[in-house]
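Alright, here's a single protein chain in two forms, structure 1 and structure 2, each given by itself as structure tokens.
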Structure 1
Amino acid sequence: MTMEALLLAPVSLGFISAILGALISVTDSVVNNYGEVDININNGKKSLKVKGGSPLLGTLAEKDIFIPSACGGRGSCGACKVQVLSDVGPHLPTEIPYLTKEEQAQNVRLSCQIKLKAGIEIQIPEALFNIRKLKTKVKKITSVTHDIREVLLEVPEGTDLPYVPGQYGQFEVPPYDKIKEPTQRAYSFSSNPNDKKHLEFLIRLVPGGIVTSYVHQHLKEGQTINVVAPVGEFHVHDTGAQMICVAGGSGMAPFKSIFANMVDSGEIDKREVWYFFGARTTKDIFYLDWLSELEKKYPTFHFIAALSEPQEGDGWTGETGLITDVLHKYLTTVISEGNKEGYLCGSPGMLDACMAVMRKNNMQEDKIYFDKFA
């Protein structure tokens, strides 16, 4: 082979690659060009014209319609369900594990898995139209335990974000380290909705967790954070029934919001509230002073904290054992008969265990409320 041929070979290869690349690009734009497509929401209540080709979840978000999602559209949380009234093809294998038989029959779909190739008609709860993306400023970060941070955010001036205690927001952290895209996770508000200027979250460090690691290791006061809110259906039912509330760790958040709001409205004086909080040691308990104060001030409010593994020298004189065992003890021996409602916040395992105890103690399953997003 001549020197000339040796020099020309890489140039020719590069040229052929460039032509192939251009061909692929042109083919892709022709084959995958779906043009503009229509999204008809709730029988014409909202109509959108959007560029086709992307998943429904992200396309709706670009138009400020936010379907709750806990995994950022990777099809691993099963939260972003919408009912599709038009034909978008059969359910995908990635959707089936998250849908009941009834949901499949009603053509409920995961909006992150449906690619918009043509016009589509969907049905979503009207409440989702109220969800917005806010650019907030981190006002204060407080470590309330060794692994839980209270994050106080300032909402933009003039923002009116009505929410009910128990609802949550999607907290979005920017790309960092190896994480190349913004990541959202759902956390209950711990703030009192009457404070219109702030939103507050309690965020517990989860080992290996993308958002919680960011909050605990990188988040700074003064920084801007996007929050998508308000989301969720967990709220206090206005029935006057005794409230049996159970939480552990950062599951404290919705109850802080609920109790603060009940103090403001005067409801806390009128309704029997039992709040069970589980922790491992005294270093995992927080807001003890505030909750003890509520208990002293309002005879209808009862706070029962239980430590599963009190340490020597803790000086703990309260309940010990798993919170479910303590709950069972109180339901059988202390809390009076009568109408009861359960309010729970925690991991799916914790919720299941509490529900089993409540059912065993004749509490009606349809009167036990929670958001299973943890």
Structure 2
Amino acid sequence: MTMEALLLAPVSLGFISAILGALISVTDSVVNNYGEVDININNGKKSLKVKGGSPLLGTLAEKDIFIPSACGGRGSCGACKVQVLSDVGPHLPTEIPYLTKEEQAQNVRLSCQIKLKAGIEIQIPEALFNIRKLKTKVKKITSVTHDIREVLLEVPEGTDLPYVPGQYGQFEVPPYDKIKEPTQRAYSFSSNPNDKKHLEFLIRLVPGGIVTSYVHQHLKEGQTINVVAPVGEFHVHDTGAQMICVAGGSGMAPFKSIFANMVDSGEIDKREVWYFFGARTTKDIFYLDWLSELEKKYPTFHFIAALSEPQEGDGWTGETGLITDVLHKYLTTVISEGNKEGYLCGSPGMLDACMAVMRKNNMQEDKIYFDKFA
């Protein structure tokens, strides 16, 4: 091969690649050009005409209809369920693990997995029409542990965002070195809903986490942040039953909101509350002063913290061991008989283990409430 041929070969390959790329792009735009499609919601309650080709979840969000999604549309939480009344094809393998047999029979689908190729009819809870996207301002960022930040946001002047303690918001971060488009994740409110001017979150750093990395490494006071809220059905049930609450890490958030609201309403004087909080070491535990003060002031409130890996010389005098073991001990030897309800917030593994302990101690499964974030 001549030197000229050697020099021309890469150019020729590059030219051919460019032509192939252009052909693929044109083909994709033609084959996957679904034009405009119609979305009929709740038998005509809302009708939308949208551009086809994108997932239903994101398309609805662009029209200010927000379907809950703890994972931000990655298909890993199973939260973004809608009932589809028209034919969009069989359930996908990515949906099956998150749907019961009954849901599959009713054609419940994950909206993040449905690509809009034609008109569609769906049914969603009416309450979802009340979810909004707010542009908030970061007022204060406080490190409450080595890996958990308390983020206090100011809501726009005159905003009325009624929410129930236990609900959550979709916290949205802008593009940065890890992502090319805005990305949301779900976090429980830690704020008291009676504070109409602020929203507060507890966000723990997850190694490699897209949103948590941004919050811990880039988020600044004074910055604007979008929040989609309120979302979720986790809340205290007005039954008078003893509340057996268990959390770990940033799972503290909904209980901070719940207990503050119970103090304001006077409910904390009327109802027995047992709050179990599990951590590894003393550096992973926080809000001790506030919780200890609640316990001193209200005879009906009991706070039990446990460290699974206490360090020598850290001065810890509380419970030690796994929080599930401590929970079992109290359920069998300390907490009185009678009606009980379970309230849980933490990792999926912790929730499953706590539910097993509660069932073992004759707590009814339909009286155990939680939000399980992926």
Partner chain sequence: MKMSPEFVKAEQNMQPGVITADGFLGDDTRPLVDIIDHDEESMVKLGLEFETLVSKMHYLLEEGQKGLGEPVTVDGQWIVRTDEARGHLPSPFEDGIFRKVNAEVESLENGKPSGKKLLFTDLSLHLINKYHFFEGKGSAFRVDPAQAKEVLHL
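Please read these numbers as outputs of a predicted model, since none were measured by experiment. Note that the rigid core is defined as the largest set of C-alphas that superpose within 1.5 Å between two forms. Here, residue number means position along structure 1's sequence, counting from 1.
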Have a look at both and say which one is the form predicted together with its partner chain.
1
Among V88, I131, V108, K270, which is located at the hinge of the rigid-part motion between structures 1 and 2?
I131
Return the inter-part rotation between structures 1 and 2: the angle in whole degrees by which the smaller rigid part turns against the larger, from C-alpha superpositions.
11
Core-aligned, what does the C-alpha of Y98 shift between structures 1 and 2, expressed in angstrom?
2.7
